[in-house]
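In structure tokens, the next block holds one chain alone, the form predicted on its own.
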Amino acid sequence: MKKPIIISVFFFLMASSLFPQAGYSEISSMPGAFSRLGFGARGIGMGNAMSSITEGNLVSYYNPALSAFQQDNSFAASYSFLSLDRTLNFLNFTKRFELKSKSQDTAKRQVRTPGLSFGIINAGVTKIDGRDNQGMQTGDLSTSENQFFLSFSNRFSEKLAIGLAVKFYYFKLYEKITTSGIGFDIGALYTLSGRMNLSLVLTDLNSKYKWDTAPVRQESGKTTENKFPIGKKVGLSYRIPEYKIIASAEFEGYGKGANFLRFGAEYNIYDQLFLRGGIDKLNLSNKDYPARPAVGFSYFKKLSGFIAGIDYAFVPEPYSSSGEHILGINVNF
């Protein structure tokens, strides 16, 4: 019992002390920044080191190959309490199918397990003070940036699963100024042993925004194209069933001075109560860039015909007067 408690205390202490001086990285201002913050209370609470974890409620956001490992159907929704009138919300559904082969050969009559996952990430800013060129108030403005994703995966053997995600981006920046784009994620999950998984993921292939300001600026309007940075991710997870712990580590590289390490752990401390901790965005290319420590928990309860649960995560923010509070619900049926 001592080892799980020591690990939990380690992550809680790290959450309150892991802020170096604030730094800047080009990746923070590149297109799609909202989509690189993580997904839901469980993922964010584990430092977003989720691409190789195949237990619990799974989201293909982290790796399109994961949905083939989902147990039962999983529906999850999260709302984030943020300062400065910002919003960040998540919605996800994941389902695994079991298809039996019609082969007469018993050796080839394996049960294939494809999976499907779809969801939405919504972010924005409200109550922006609008002014005309004379400085007079014109009313509040708001932005809305969204990612809609749909992914499919399949287990091609007991050890290997591969998945593909299609992502549609829609961004409303200003009155009559909107853009959209389509991108792809490709992911693989390989089971090294009964306890250890390895993941490989490429994110935001072909993702880009194309802006046209002619509706507002008429003849002086311009067309510009902003490409998303492509992420290259390698993850490793390790399960310790005797202590009811899952630990994971991940490297994600974008170039642009942004090569991140992240770590996470989940401890099933009692019955259906889970504690989590993690560290996201340890930037190997910029030591002044602030890391994102996180803590959280989940509690599930079995009801008639389904299991309901709540998730919570907290992430301190270096540039805000308060931290992020992410609150979520789960239903498994």
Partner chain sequence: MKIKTLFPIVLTLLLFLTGMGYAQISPESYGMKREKIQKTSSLTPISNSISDILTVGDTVWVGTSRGLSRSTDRGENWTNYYGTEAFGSESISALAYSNGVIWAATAHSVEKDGQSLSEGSGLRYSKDNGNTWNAVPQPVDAPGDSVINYGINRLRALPVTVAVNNLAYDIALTPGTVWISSYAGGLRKSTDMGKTWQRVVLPPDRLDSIMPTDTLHFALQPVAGNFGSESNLNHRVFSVITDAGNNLYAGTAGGINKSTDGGISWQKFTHQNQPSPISGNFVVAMGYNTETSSIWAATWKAEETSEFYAVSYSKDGGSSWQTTLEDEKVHNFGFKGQDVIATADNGPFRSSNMGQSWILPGQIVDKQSGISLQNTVYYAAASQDNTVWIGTEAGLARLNETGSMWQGDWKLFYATQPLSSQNEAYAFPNPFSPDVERLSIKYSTGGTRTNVTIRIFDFGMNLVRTVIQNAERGASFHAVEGQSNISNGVIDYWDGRDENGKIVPNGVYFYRIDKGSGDPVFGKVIVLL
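This one's a predicted model, so the numbers in the text were calculated from it and none came from an experiment. Positions refer to the first chain, counted from 1.
If you look for the form predicted in complex with the partner chain, you will not find it shown, but the lines that follow are about it.
Considering the partner chain in the predicted complex, the lone stretch of 153-161, 200-208, 74-82, 186-194 in range is 74-82 [heavy atom distance within 4.5 Å]. Note on the partner interface in the predicted complex: the residue among 126, 259, 113, 180 having a heavy atom within 4.5 angstroms of the partner chain is 126. For residue 270, no non-hydrogen atom is located within 4.5 Å of the partner chain in the predicted complex, even though that partner is not displayed. Contact annotation: residue 26 falls within 4.5 Å of the partner chain in the predicted complex, judged by heavy atom distances. In the predicted complex, the partner chain sits within 4.5 Å of a heavy atom of residue 292. Remark: residue 86 counts among the residues lining the partner chain in the predicted complex, judged by a heavy atom distance of 4.5 Å or less.
Contacts to the partner chain in the predicted complex (heavy atom within 4.5 Å) from stretch 155-193: 171, 172, 173, 174, 175, 176, 177.
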